[in-house]
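Let's start with one chain on its own, the form predicted on its own, as structure tokens.
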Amino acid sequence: MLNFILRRLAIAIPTILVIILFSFLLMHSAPGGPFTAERKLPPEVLANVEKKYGLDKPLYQQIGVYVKNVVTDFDFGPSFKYKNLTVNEIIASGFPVTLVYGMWSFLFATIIGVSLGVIAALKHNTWLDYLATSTAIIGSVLPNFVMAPLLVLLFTVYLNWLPGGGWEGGQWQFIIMPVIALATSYLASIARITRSSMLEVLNSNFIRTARSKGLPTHYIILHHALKPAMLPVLTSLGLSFVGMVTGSVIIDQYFSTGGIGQHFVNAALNRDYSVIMGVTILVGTLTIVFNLLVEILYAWIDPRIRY
């Protein structure tokens, strides 16, 4: 198992370095610049500004300094648009917000999605199966940019139960609608994958053998069927976790939560390339890390994968 983890780390670390390198090159190849968006600066002023941020050096030196700072100190440098603020400080102000509602969204989507999928598989071709499948279909056709205004219209405008936006330190009434809006489409995907995987496992020979021995149904489900059925679900959960924990631009913009998605949009509009690179590298690194964790869980569940 240790050799398996080391092999995966040997792949993950160079991949992260490639993400850092490509993010830097793509941002610097974009037309325009962070200091020429509003009005053209005099050449002398532009030269002083570029010297302050190290943009007057050759590209290979800029890349070397940036990669060194990110790898050794996890330092994404200063913001090009906000004085006296670093990219780390901007991310630190928005990422905890996104992390809170992202974690709750992941738990909500996983618990409800897996439960619906298992129930639909166990009650195949019954009204429970049709109800669970219909719920998953409805969730898949209502993405977050559609679900968010519907939730506000229902719970804020008509019922006046929940506030339509804000964060207020993460109070529960400000979390409910962002969590539902973000988790719905992921929930539907998890439910569909769980249902199809569970149906395939329930028709396997080892399940028929367990039933022929007279084992209780709940014991067969928990000890024999659920573990192998979760293998394809884990792949979906890994990607879903990154998508929800890193947040959604729509959620941050619509509910004004102040999460990392809102900072990313503002950085794109302001051409704050250092913030865009920082958020991109953060999301890419989290994607690789959680995919690595999923592969380790795969190897733990199914020992054949280790070899």
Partner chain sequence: MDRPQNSLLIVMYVDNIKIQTLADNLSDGSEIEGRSLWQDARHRFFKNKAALISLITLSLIVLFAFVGPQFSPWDYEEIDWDAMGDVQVLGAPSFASGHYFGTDDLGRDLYSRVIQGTQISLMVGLIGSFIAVVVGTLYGAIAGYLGGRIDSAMMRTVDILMAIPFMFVLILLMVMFGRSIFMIFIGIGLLSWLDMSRIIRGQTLSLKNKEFIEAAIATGVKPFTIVTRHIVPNVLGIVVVYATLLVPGMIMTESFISFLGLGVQEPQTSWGALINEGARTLQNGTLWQLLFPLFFFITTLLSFFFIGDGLRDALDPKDR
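So that the term is clear: the rigid core is the largest set of C-alpha atoms that superpose within 1.5 Å between two forms. This structure is a prediction, so every number in the text was calculated from the model and none was measured. Positions refer to the first chain, counted from 1.
The protein also exists as the form predicted in complex with the partner chain; that form is not presented, and the subsequent description refers to it.
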item: Options 190-198, 216-224, 67-75, 106-114; stretch whose heavy atom lies within 4.5 Å of the partner chain in the predicted complex; value: 190-198
item: is_contact(residue 96, the partner chain) in the predicted complex, heavy atom dist at most 4.5 Å; value: no
item: Contact of residue 280 with the partner chain in the predicted complex (heavy atom, 4.5 Å); value: yes
item: Residue 145, heavy atom within 4.5 angstroms of the partner chain in the predicted complex; value: yes
item: Distance check, residue 140 to the partner chain in the predicted complex, heavy atom within 4.5 Å; value: yes
item: Residues within stretch 273-291 having a non-hydrogen atom within 4.5 Å of the partner chain in the predicted complex; value: 276, 280, 283, 284, 287, 288, 291
item: Shift of residue 262 between this form and the one not shown at or above 2 Å (CA, core fit); value: yes
item: Rigid core fit then residue 23 CA moved by 2 Å or more between this form and the one not shown; value: yes
item: Rigid core fit then residue 12 CA moved by 2 Å or more between this form and the one not shown; value: yes
